[in-house]
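Next comes just one chain, in C-alpha cells: the form predicted on its own.
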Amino acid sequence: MSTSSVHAWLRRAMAVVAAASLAGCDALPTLWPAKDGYPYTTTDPISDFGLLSQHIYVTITVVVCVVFVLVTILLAVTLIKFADRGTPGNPEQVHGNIAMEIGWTIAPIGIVLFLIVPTIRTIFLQQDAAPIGAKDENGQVLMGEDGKPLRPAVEIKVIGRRWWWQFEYVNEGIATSNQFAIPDDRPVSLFLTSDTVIHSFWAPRIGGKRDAIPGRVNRIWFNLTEDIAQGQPDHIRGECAEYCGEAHSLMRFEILGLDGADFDKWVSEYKGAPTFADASIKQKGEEAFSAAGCTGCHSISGFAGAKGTQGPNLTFLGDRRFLAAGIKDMYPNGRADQATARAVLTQWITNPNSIKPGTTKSANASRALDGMNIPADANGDGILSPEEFAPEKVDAIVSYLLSQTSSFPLQ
C-alpha cells in the first residue's frame, strides 16, 4: 500500500470520527435500553451528567473501531503482498520510509489529542458548581420578583450506611431510605458522604460513580433530560459500587423520576403523615412497633414515638417494591399480591439474616460499630421466634407498614 493510500485512509477515518463526535449520542441507537429490562444499563442515560460521559464513550469507541479496522487492513495487505512465494534469494531490503515513519508517529499523537480535549472539557463540566435553579433556553436561571429562583435546585444529602442508603432533603425537611424522588424540571444536587466505611454511589442511567467517604462530602449535580409524563414516574435503579463489607452486593436503591408538579405533591405528602382507612391498623401497629423496640432505630412520619435514626426511615414503606435496600421484591406478581408482600416483610422482621447476610448482630459482630441490634431477640441468635415475640404482633406491624402508601407507589 502506497503512502498516499495510507494518508487517504487516515483522512477518511478522521472524517468518520469527527462526524460521529459532532452528531453526538442522539444520532446513535440506544443499546440495552432500560425499558427493555436492563435497569442498570449504562447506554441509556437520563441526565445531562450521564450524556456528557456517554458522548466521550461513543467518541472513543468510534476511534478505537476505526483504528482497529485500519490496522487489520494494513496487516492483511502486508501478509498478502509480502508473503513468501518461494522466490529464491533474499527479499528486497527496505531501510526506511521517512514519510511513513513521520505519519505513524504523528497519527497516534493526533488521535490522543482528539480524545483528550473533549475528555478534559467533560471533566471540568462535571466538576463545575451546581446551578441554583432551573434555567431558561438562554441558560439564565429563572428568577422570581423576590430575587430567588423560581424552581430552586433540589439538594439531597446522601449518606451511605451499612448496608443501606439514607436520603435527606436539605430544604424540604424530609428524609427517606433506599428510595428517593427527583423532579424533571429543575437541577438536582447530591451531597455524598458515609457514616462508617467507604461506599460508592452509582446510578448508571444518571452517570458515573462517586465515592461516599466518612468525614468528606463529594458532589454530583444534574438535570433530567427526559420529559416525564405526569402520573407516570420513571424508575431508576442504583447500587453501591465500592466494596464495603458483607452485604456490599446487597446495597441498592431506587430513584423515582417525577414530573415537576408530581414531585411537589410527593414532597407535600412526605411532609405529612400516612393515612389509614382502618384506624385499628394504625393503633395496633404502633403499639406492636413500640413493644418490639423498633422505635429505637426507625422513624415514621406522624408517629411521635418513632424518631430513631439508626435504621431506615419507614414512612410509606408500602410504596416500595423492594425491601432490604433493593434486594427482596415484595411484589413479584404485581401490587395486588399482598400475600407475598406480607410473607417477605414477616421474614425480614423475624429473620433478616436469611434475606441479607450480615444484617444481624449474631452473624456480624461489627454491627456494634453502628449500634444496630436486629432483631432485638432474647437469646441473640438473630431470629425473632414466636416465643420471643407473638406472631399476632408481627402481623400487626406488617399490616401497619404495608398500609402506608402515597400517591406514587413504585411499580
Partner chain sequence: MSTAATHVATHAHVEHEEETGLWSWITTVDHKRIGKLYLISSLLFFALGGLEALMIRMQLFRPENNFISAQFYNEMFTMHATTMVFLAIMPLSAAFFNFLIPLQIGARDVAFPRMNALSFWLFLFGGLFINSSFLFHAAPDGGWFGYANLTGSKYSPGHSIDFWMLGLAILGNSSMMAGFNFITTILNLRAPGMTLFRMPIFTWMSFVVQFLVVMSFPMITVGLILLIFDRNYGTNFYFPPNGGDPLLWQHLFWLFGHPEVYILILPAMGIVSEVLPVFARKPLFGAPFVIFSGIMIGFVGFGVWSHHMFTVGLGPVADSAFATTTMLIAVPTAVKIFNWIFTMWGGKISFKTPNLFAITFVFLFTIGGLSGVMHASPPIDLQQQDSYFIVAHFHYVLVGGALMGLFSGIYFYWPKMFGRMLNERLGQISWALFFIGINVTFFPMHFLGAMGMIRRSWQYPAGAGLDMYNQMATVGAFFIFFAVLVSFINFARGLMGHGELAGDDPWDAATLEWSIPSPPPHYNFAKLPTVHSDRPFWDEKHEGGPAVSQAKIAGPGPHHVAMPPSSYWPILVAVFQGLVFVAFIPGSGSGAFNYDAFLKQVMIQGPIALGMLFCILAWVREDDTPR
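Everything numeric in this text was worked out from a predicted model, so none of it was measured. Positions refer to the first chain, counted from 1.
Here the subject shifts to the form predicted in complex with the partner chain, a form of this protein not shown in this document.
Of 164-172, 224-232, 205-213, 274-282, which is the one stretch near the partner chain in the predicted bound form, taking non-hydrogen atoms within 4.5 angstroms as near? Of the options, only 205-213 has residues within 4.5 Å of the partner.
Give a yes or no on whether every one of 142, 289 and 336 sits within 4.5 angstroms of the partner chain in the predicted bound form by heavy atom. Checked in the predicted bound form: no contact with the partner chain for any of the three.
Go through 189, 126, 193, 299 and name the one with a heavy atom inside 4.5 Å of the partner chain in the predicted bound form. Contact with the partner chain in the predicted bound form is made by 126 alone.
Contact with the partner chain in the predicted bound form for residue 321, defined as at least one heavy atom pair within 4.5 Å: yes or no? No, residue 321 stays farther than 4.5 Å from the partner chain in the predicted bound form.
How about residue 61 - does it come within 4.5 Å of the partner chain in the predicted bound form, if we only consider non-hydrogen atoms? Yes, residue 61 is a contact residue.
Tell me, yes or no, whether residue 151 is in contact with the partner chain in the predicted bound form, where a contact means a heavy atom of each within 4.5 Å. Heavy-atom contact with the partner chain at 4.5 Å: absent for residue 151.
Do residue 56 and the partner chain share at least one heavy atom pair within 4.5 Å in the predicted bound form? Flag for residue 56 set to yes.
Within 4.5 Å of the partner chain in the predicted bound form: residues from 228-249 (heavy atom criterion): Counting only heavy atoms within 4.5 Å of the partner chain in the predicted bound form, the contacting residues of 228-249 are 239, 240, 241, 242, 243, 244, 245, 246, 248, 249.
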